[in-house]
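Single chain ahead, by itself, as structure tokens, in the form predicted on its own.
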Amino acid sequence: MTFHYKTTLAAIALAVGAGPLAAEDFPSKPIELIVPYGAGGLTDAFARAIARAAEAELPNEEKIVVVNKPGGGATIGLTAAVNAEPDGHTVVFLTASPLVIQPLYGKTQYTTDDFQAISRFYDIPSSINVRADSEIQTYEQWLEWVKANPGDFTYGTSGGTGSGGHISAEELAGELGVELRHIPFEGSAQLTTSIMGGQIEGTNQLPDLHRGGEIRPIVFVTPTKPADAVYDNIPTTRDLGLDAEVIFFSGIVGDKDIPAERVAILDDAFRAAMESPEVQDLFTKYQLTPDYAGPEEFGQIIDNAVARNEATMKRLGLIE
């Protein structure tokens, strides 16, 4: 994945007030921030909050207009972005799957390389979970159980077969040498109902103990956990010395041909917006840990995710 980010050049030109970068009038119209999901929920709420805060950080007092374009597993919104003029006035707020998984199937109208990273804000924690009243209380007990009962641990994900939740759970199973049985669901509400009703043994999703729920994590497959102290004693795969790990990032990307100086302006505005009270309140409400990354670092995170997903998907026979 190639990124066209020249931080030093852009910073120098803007600082000295000379040359084509300083003379450029950007943004010259409202920024369209595509959210490839329906209205409501964490991603949409965060996109709207960060957009409002970033407006005050942009030159020319231009607005940022959030436009929901759901459908196609979030690929419709990304397709619209890659087909827009690559002038920096159209960008996308997304989570990982439509960028680092869906293009690997070869059925999207874009590839990962059609985009460049701008700003990452946070990662969504996810864990292998059981019901709070399960006889399995710890990771060690879970591992012993799944080794003794191959294929009997049924776990659900809300993204279906080949989703990020499915792939990350199977990457862990492959490293541990155990067999799990995946049950796909269409949404998180149905998934939660099924584990609470005993139709499945577990899930791979964000647990809900910090909200007073009854879904308890055994091990986090992400390096981040919700900030609540209730999770302090729950290990991550990294804590256990395992290689299996996934980053479900949330952030902003844009067309690969957006000029570097415009990427820098956008990144500066969104990074500053993370400090706004409204955005900070969302971090607290959802127990998320802010984890900013700029274009270069975010781009490497995307590259790493694609490589890991591709290897696991080939092992599962999802792609050739």
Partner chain sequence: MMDFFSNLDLLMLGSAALSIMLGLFVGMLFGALPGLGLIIGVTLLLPLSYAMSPVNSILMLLACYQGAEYGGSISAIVLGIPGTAMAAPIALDGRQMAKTESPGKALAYSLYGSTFGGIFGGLVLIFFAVPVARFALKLADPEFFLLGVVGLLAVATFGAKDFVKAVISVALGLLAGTVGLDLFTGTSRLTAGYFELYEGLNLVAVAVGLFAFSEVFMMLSARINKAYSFEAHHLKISLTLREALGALKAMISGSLIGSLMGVLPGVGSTVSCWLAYSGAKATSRTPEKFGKGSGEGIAAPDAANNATVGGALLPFLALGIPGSASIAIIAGAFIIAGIQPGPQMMRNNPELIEMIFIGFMATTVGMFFMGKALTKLFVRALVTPNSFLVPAILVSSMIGIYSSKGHFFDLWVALGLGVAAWIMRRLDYSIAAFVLAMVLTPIIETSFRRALVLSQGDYSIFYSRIYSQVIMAVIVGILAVALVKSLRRLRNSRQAATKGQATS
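The structure presented is a predicted model; accordingly, all values stated were derived computationally and were not measured. Residue numbers count along the first chain shown, from 1.
The same protein also exists as the form predicted together with its partner chain; that form is not shown, yet it is the one meant from here on.
Looking at residue 149, you'd find every heavy atom of it more than 4.5 angstroms from its partner chain in the predicted complex. The closest heavy atom approach of residue 109 to its partner chain in the predicted complex falls within 4.5 Å. In the predicted complex, its partner chain sits within 4.5 Å of a heavy atom of residue 74. Using a 4.5 Å cutoff between non-hydrogen atoms, residue 132 does not count as a contact of its partner chain in the predicted complex. With the partner left out here, its partner chain still marks one of 178-186, 243-251, 82-90, 219-227 in the predicted complex; by a 4.5 Å heavy atom cut-off that stretch is 178-186.
For the candidate spot formed by 159, 193 and 199, every residue has a non-hydrogen atom within 4.5 angstroms of its partner chain in the predicted complex.
Residues of 83-101 are not found to place any heavy atom within 4.5 Å of its partner chain in the predicted complex.
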